[in-house]
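Okay, so here's just one chain, in structure tokens, the form predicted alone.
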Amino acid sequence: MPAVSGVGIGLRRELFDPLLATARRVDWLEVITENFAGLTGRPAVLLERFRARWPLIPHGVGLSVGSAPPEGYLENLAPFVRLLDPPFFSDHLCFSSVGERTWFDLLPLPRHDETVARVVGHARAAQQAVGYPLVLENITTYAEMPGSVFDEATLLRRVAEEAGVGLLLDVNNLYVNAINHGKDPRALLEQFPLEHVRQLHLAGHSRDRELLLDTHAAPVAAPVWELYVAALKRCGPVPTLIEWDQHIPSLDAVLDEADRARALMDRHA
């Protein structure tokens, strides 16, 4: 199990060749589970080349702990995670499938006791099936789900404590939710169960009229950097990822963002 620390970037198709050629510092890579799990041929060969140079963390979008993992999902996931041998695997606190229908959208859950019980059961089962610790990420939400009786921080804390999972604090998601729902970002950060955080995400967002959208298509915004510093002061030097999934620039531009995050980590964590 390779140690993971510092600042990583997402392993995306546009960066495959530049990454293999770069001499710049890269601490680790995040691998989208659905892009590689169970695949053979060129994807498997490329994965081995990256694994030979850097620790890889699997990050999924299809576990769907809020409903149930799709049939066969865990059976496909387990050998992939074992291959990478990471300190943990991660996904999102949401649902993305119902029965045989799967969306690769991260859909919010109503925040009540029944949701907690369902998520806890599925999270425990996932950890047992895969054999590695699970870390769940806070998502962006653009509406309040009917039936919610407590806030997101309470949902996250209860799931973490009752399922024995870690949390992935996406700082951009927290900021986007705060602005869109008329809340104070610093107050939401203070409420977040930071004692359970095992990883941080940083990404850019876009504006569409009155809403901020979590697009991962731009540099990290100034207020998100400020929230990141505040999180570092509370969490310590938690491994941090730069996410850039759309309109991906040059590798050097992505690594410049990683260098900035690493400098802030060295200064404030």
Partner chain sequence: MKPVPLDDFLKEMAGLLDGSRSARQVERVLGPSASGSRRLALYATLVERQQHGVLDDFYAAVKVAAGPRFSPLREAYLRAYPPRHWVPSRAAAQFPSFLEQRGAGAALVELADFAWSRHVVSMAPNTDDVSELIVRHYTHAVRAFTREVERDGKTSGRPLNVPETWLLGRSRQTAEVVIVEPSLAALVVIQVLQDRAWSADLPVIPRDDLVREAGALASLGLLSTGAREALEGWLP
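Residue numbers count along the first chain shown, from 1. All of these numbers come straight from a predicted model, not from anything done at the bench.
Keep in mind that the form predicted in complex with its partner chain is missing from the display, and what follows is about it.
Q: How about Ala78 - does it come within 4.5 Å of its partner chain in the model of the complex, if we only consider non-hydrogen atoms?
A: Contact with its partner chain, no.
Q: State yes or no: in the model of the complex, is some non-hydrogen atom of Arg101 no more than 4.5 angstroms from a non-hydrogen atom of its partner chain?
A: Residue-level check for Arg101: yes, a contact with its partner chain.
Q: Evaluate Arg207 for contact with its partner chain in the model of the complex, applying a 4.5 angstroms cut-off between non-hydrogen atoms, and reply yes or no.
A: The answer is no: Arg207 has no heavy atom within 4.5 Å of its partner chain.
Q: Is there a non-hydrogen atom of Phe88 within 4.5 angstroms of a non-hydrogen atom of its partner chain in the model of the complex?
A: It does not: once its partner chain is placed as it appears in the model of the complex, Phe88 has no heavy atom within 4.5 Å of it.
Q: Have a look at 79-87, 156-164, 135-143, 185-193 and name the one stretch with heavy atoms inside 4.5 Å of its partner chain in the model of the complex.
A: Looking at the other structure, the answer is 135-143.
Q: Though its partner chain is not shown, can you say which of Pro223, Pro219, Pro43, Pro237 has a heavy atom within 4.5 Å of it in the model of the complex?
A: Of the listed residues, the single hit is Pro43.
Q: Give, in sequence order, every residue of 95-116 that has a heavy atom within 4.5 Å of its partner chain in the model of the complex, or say none if there are no such residues.
A: Residues within 4.5 Å: Phe95, Val98, Glu100, Arg101, Thr102, Trp103, Phe104, Asp105, Leu107, Pro108, Leu109, Pro110, His112, Glu114, Thr115.
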